[in-house]
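Okay, here we've got a single chain as structure tokens, the form predicted on its own, with questions on binding and movement later.
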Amino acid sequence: MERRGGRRSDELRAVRIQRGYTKHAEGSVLVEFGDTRVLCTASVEEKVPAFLKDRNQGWVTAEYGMLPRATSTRTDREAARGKQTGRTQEIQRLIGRSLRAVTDLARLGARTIQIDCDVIQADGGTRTAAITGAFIALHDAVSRLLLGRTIAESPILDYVAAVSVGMHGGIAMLDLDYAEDAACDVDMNVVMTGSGAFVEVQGTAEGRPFTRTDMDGLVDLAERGIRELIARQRTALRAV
């Protein structure tokens, strides 16, 4: 399968991370994986969910949505339909789990950081782009809390990022766009921390079943891609 733009099978799409994208949120990032663009905002709320009352710890959670014309045809807003799809619920839970995996909730104190990930334009990999951008938004919100001396030490323990991988015609490919995702025999999303620990691995055989060797190769490829994404995150956070 020839990749758009002549991209190698082990090459990420062009990745762009723009901090401070909106005015009001404590953390705000536009992240782009190729033609996929996701706006991630982090809002600090001085309250926690009821199940955390009197436990002296905070919470990090996420919501995810796609704008009506994020895709080639218009899709009704989920609010207009009266309920979220199962896909939306799955993705926002994944984003929240990924961020909590690298956050010491006790250090956050009795407050919530709410992450909103809104897909402006979709071309595959929206959940992986959302996780990668949401981490930067979370980091910037925490930096505001530290600057204001609201918390004494950062609750962020490590970096976290995510990427998709897949197999087409026996070839493993990194960071799938929509056309590649639709044509692949195997589709996998991998979330990892900066130290190399896994948060989640989601793999599905869309065509033929895959072997343990295939799976190991895909995970190795995803790890290399995530290390590159984390290097991009570090560069973005060093930028003034």
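Just count from 1 along the sequence shown to find any residue number. Keep in mind the model is a prediction, meaning the values are calculated, not measured.
Form predicted in complex with a further copy of the same chain: not shown, discussed below.
- Highlighted residues Glu63, Ala70 and Gly86: every one comes within 4.5 Å of a further copy of the same chain in the predicted complex, counting any heavy atom.
- Residue contact with a further copy of the same chain in the predicted complex: Pro209 places a heavy atom within 4.5 Å of it.
- a further copy of the same chain is not drawn, but in the predicted complex it has no heavy atom within 4.5 Å of His139.
- Among heavy atoms of Gly170, none comes within 4.5 Å of a further copy of the same chain in the predicted complex.
- Although the partner is absent here, Glu11 is not a contact residue: none of its heavy atoms lies within 4.5 angstroms of a further copy of the same chain in the predicted complex.
- Heavy atoms within 4.5 Å of a further copy of the same chain in the predicted complex are found in exactly one of 161-169, 96-104, 148-156, 130-138, that being 96-104.
- Taking a further copy of the same chain as it sits in the predicted complex, the stretch 117-134 comes within 4.5 angstroms of it through a non-hydrogen atom at Cys117, Asp118, Ile120, Gln121, Ala122, Asp123.
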